[in-house]
Structures are given as C-alpha cells and as structure tokens.
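Shown here is one chain on its own, the form predicted on its own, set out as structure tokens.
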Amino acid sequence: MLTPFQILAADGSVTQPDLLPPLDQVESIYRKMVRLRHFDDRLMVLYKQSKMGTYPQFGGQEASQLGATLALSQGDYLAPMYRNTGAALAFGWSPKQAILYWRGHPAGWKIPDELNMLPIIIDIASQFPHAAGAATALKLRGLPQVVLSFIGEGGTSQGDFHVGVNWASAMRAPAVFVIENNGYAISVPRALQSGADYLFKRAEGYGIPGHLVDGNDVFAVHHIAKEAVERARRGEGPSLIEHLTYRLRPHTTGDDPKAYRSDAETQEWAEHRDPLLRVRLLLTAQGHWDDQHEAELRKEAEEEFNAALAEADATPAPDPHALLEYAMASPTPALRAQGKILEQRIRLLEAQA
C-alpha cells in the first residue's frame, strides 16, 4: 500500500511543518471550506422542499476541490464536471448563479464573461478532452494560462479520459488533471470498476508526472496542485493527480447510498477523516479557534447563503425560448426542429391562458 502525500493528518497533527501555511491563511482556507459545506448541505434542503432540481453533492470533497482550485492564478481556466460546484464556487462562480444553474434556470447557464470557466459537464469524462483542447489552444497562442479539470475515479474508465490526457501529453499542453477518487463510481466500488490499485499510475503510460495525494488534506492538495500548475505554466506539459477522498453525501439528491455502502463506513470518514474537522482541530490546538468562532462562522455562512437564495428567488421566470439557447453556436437541424416544437407548445399555452 502506498502512502499518499500529506501535510495535515486526520487528527489535526502536522506531518510536514515546513509546508504548512501561516495560521491566518489556515483560518482563511477553513472559512472557505465551511462556506462550501454549508452551500452543499443547503441545496439538499432546498431539494427536499421541492425548490431545487437533482443535484450532485460534493460534501466531503471540499479539500480536494478548494485546495486544487486555489492553485490557479487570475486568468487560468477551469473545466468542471457535474460534482464540481465546490470548485466552481472557489473559482469565482457566484452562489446565486450556482443555485439558478441547478434549478435549471437559463440565467444560471451562461458563464460570466470575466470568468474563464467552461460549462459544467454532465456527460462523464468529456470535460477532459475539452480541457486538453483549451490547453492546446492556449499553448498555440503563446498564452501563459493553465487549465484545471477534475474527474471521478469512475470516469477514468471512460474513453474520453484517455483521449484528453493522451492528447494533452502529446501536445505538452498546460493542463492539470485531477482524479477525485471518492471510492464509488455512483454505487460501484473502485475495486470492481478498475483493476488498478492506484489510478495515478496511469500517468506513466502517458509519459507525464503522476501524484498520489491525501485528498482530505487541503494543504497537501494545494501544494501538489501548485507544483503541477507551475510546471504546466513553464511549458513542461500536464500532470495527473489522484486525490484519495470520500463522498460523505449521496451521489445525488435522488440517491440512497445505504443501498451500496454501510453507515459504519460513512460514519468512520465523517468522524475521523472529515477534511473540515482536521483543519479545525489544528486551529483549536494552536489556540486560534474555539466554539464561539465556529458559531459566528456558521452564522455568517447562513446569512450569505440566504442572501444569495433571496437573489435567486427574485430572478424573473425565463423566456421559454431560452431553453434552447447556449446549446450550439450554430443551430443543428435537430435543434431547429426542437425549436419549432417549442414554439408550437408556447402558442398552445398562450391560447389556453
């Protein structure tokens, strides 16, 4: 068994003190993690209230998504998958837009012009070819930006995983590929969906560096991601990083994880390996945090979420024609046919009103 790279252990002890950032930065990162967890949990509540569509939670993977995304610089690109709402928020996507997106509101679909983020990909693994293509374009244009993309361990069994990583490697494109290995490809354990014991080893076949990281250690995640980003920016090509983490929440709001994993397993991760808990333990041990600080932070997170929710709730209902916007730059025959059907239904509803 290999030992993943780690800076902060699960019990809050520091294994590599020289790599730990100053306490004020530790606190800042912890505050961001708490806000991400709060957002994720609140969307589940909205779903249960029939105020949110199907939503893939990321709770438990905050360190993986935040730590890697914080390694990017202004102007870099993010190519997210469906479980990367946390990474998108860390990248600068507004909570209001994230709420609207997962409600299926067109106002949430369009990425702000100032944010170099590709649309969230639901089709598993296709974000990697997109990331490789964007990174290649940046290289050909002589631009200094880097592209970061995530995939679940189940997604590494898809052909698009190979296509994206292989192309980026051959082109020495400035891309960083992260595997969030949370143990389950929906309900299938990693051991049943791949014969590989560690997925980062696939990097050798592409001729690029591979890294195994404790994905619940936000500082280890950030350290390795930063090295990979800097390497890509120097023109030395892509890297493949595997984060060993765990999805504490269901696969989606419509999933029942009890059908494929035990409560005891989830409880073990929640009580002893939670990425938020280990940072809080560190801050507390250093006399930098207490229950009052925690309560104040939770209140701030709730107030900020409620403000974003109020803005989302106040967003006017969309024009039905917007359902087919942002799909294609040039409408395909199928899209034009769908447009005619949509127009007929709109007129029918107007006639019945």
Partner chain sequence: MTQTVQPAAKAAPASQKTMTLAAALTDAMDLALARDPNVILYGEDVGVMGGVFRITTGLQAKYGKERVFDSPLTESGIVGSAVGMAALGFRPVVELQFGGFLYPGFDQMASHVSRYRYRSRGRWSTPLVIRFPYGGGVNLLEQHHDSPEAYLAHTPGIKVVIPSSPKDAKGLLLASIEDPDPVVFFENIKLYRSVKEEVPQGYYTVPLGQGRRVHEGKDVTVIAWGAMVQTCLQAAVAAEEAGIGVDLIDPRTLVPLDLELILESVAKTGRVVIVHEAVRTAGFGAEISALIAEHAIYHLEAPVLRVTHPDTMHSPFNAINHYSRPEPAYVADAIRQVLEA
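Only the largest set of C-alpha atoms that superpose within 1.5 Å between the two forms is called the rigid core. All figures in this text were calculated on a predicted structure; none of them were measured in a lab. Positions refer to the first chain, counted from 1.
Although it is not shown, the form predicted in complex with its partner chain is what the next lines describe.
- Exactly one listed residue, out of Asp290, Glu296, Glu303, Asp319, brings a non-hydrogen atom to within 4.5 Å of its partner chain in the predicted complex: Asp319.
- You can rule out all but one of 149-157, 175-183, 267-275, 220-228: in the predicted complex, only 149-157 has residues with a heavy atom within 4.5 Å of its partner chain.
- When contacts are judged by a 4.5 Å heavy atom cut-off, Glu236 does not count as touching its partner chain in the predicted complex.
- Of the heavy atoms in Pro17, none are within 4.5 Å of its partner chain in the predicted complex.
- In the predicted complex, its partner chain stays beyond 4.5 Å of every heavy atom belonging to Leu72.
- Mapping the unseen interface onto this chain, Trp93 falls outside it, with no heavy atom inside 4.5 Å of its partner chain in the predicted complex.
- Contact annotation for 319-353: residues with any non-hydrogen atom within 4.5 angstroms of its partner chain in the predicted complex are Asp319, Pro320, Ala322, Leu323, Leu324, Glu325, Tyr326, Ala327, Met328, Ala329, Ser330, Thr332, Pro333, Ala334, Leu335, Gln338, Ile341, Leu342, Gln344, Arg345, Ile346, Leu348, Leu349, Gln352, listed in sequence order.
- Core-superposed comparison between this form and the one not shown: the Cα of Leu342 travels 2 Å or more.
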